[in-house]
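Consider the single chain below, provided in C-alpha cells and representing the form predicted on its own.
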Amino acid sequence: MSLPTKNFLKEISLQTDHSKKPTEKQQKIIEAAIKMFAEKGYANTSTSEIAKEAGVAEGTIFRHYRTKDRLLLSILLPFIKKSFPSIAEGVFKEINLDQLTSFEAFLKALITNRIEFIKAHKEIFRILIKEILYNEKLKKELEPFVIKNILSRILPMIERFKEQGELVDLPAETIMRILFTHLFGYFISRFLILPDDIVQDEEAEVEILVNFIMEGLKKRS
C-alpha cells in the first residue's frame, strides 16, 4: 500500500466506526482531526484548527489527548487493528510473493515496497514507531496482528528457500529475527534519526542493503 498520506487518512475516515462515541466532544475532535489531516496533512494541521473545526476549546483536545501525536494514535490504532489483514494482504500482493524465485528477489521487492510506503507516510511512521518503542502495552496489542498476518506468511517462505539451498541452515525463526532486526534498524535509523536527504540513489541503497543481509544469510558450500 503506497497511497499518499492524505489519501491514506481519507481511507481511515471512510473506515472509522463513528457509532462508537466515548463522549460527544471526543467524537467531534476525532472527526475534525481526520478531516483536517486528510485535507492539509498532519504536519500542516494545528490543534487550534482542529479545535475550531470541532467547535471545542483547544484545551479540550489537550485534556483528552495531551498531544497531537496522541490524537493521531487514537485514530490510527483502531484502524490498524481493523485493517491489518487487508494491509498485509495488499503488501504481499504488491511484491508478488508467490512469483519470486529467490530470497534475494524477495528482499529487494519487500524493502523497495516498504521504503516507498514509509516515504509517503513519514509523519505517521515516525509517530507510530516512537510510540511502539516506549509503549509496552501497545506492542502487546499489535503483536497478535503481526504474528497472524506477517510472520505466518514469511516463515513458510524462509523454509522454502532453505530447502532450495539458498539460505543458511538455521531455524526459520532465527533467520526471521535476524532479517527483521536489520530491516527495522535500517528503517528507524533512516526515517527517524538521519537527515531526510541522506540517500541520493534509492536503487543503489537497496542493492547495498540486500547484499549486506544476504552475505550473512546465504548458504555457503
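From a predicted model like this one, the values you see are computed outputs, not experimental measurements. Only the largest set of C-alpha atoms that superpose within 1.5 Å between the two forms is called the rigid core. Start at 1 and count along the sequence shown; that's the residue number.
Although not depicted, the form predicted in complex with the DNA is the subject of the following passage.
In the model of the complex, no residue of the candidate spot (R114, R126 and S189) has a heavy atom lying within 4.5 Å of the DNA. Of the candidate stretches 190 to 198, 38 to 46, 151 to 159, 164 to 172, only 38 to 46 has residues with heavy atoms within 4.5 Å of the DNA in the model of the complex.
Although the partner is absent here, I34 lies well away from the DNA in the model of the complex, with no heavy atom inside 4.5 Å. Proximity of A57 to the DNA in the model of the complex: non-hydrogen atoms within 4.5 Å are present. Remark: H64 counts among the residues lining the DNA in the model of the complex, judged by a heavy atom distance of 4.5 Å or less. A movement of the C-alpha atom of L72 reaching 2 angstroms or beyond is seen between the shown form and the other one when the two forms are aligned on their rigid core. T181 shows a C-alpha shift below 2 Å between the shown form and the other one [criterion: core-superposed Cα displacement of 2 Å]. Annotation for the pair L192/R66: C-alpha atoms recede from each other in the model of the complex, by 3 Å or more compared with this form.
Note: the CA-CA distance for D69 and F191 expands in the model of the complex relative to this form, by 3 angstroms or more.
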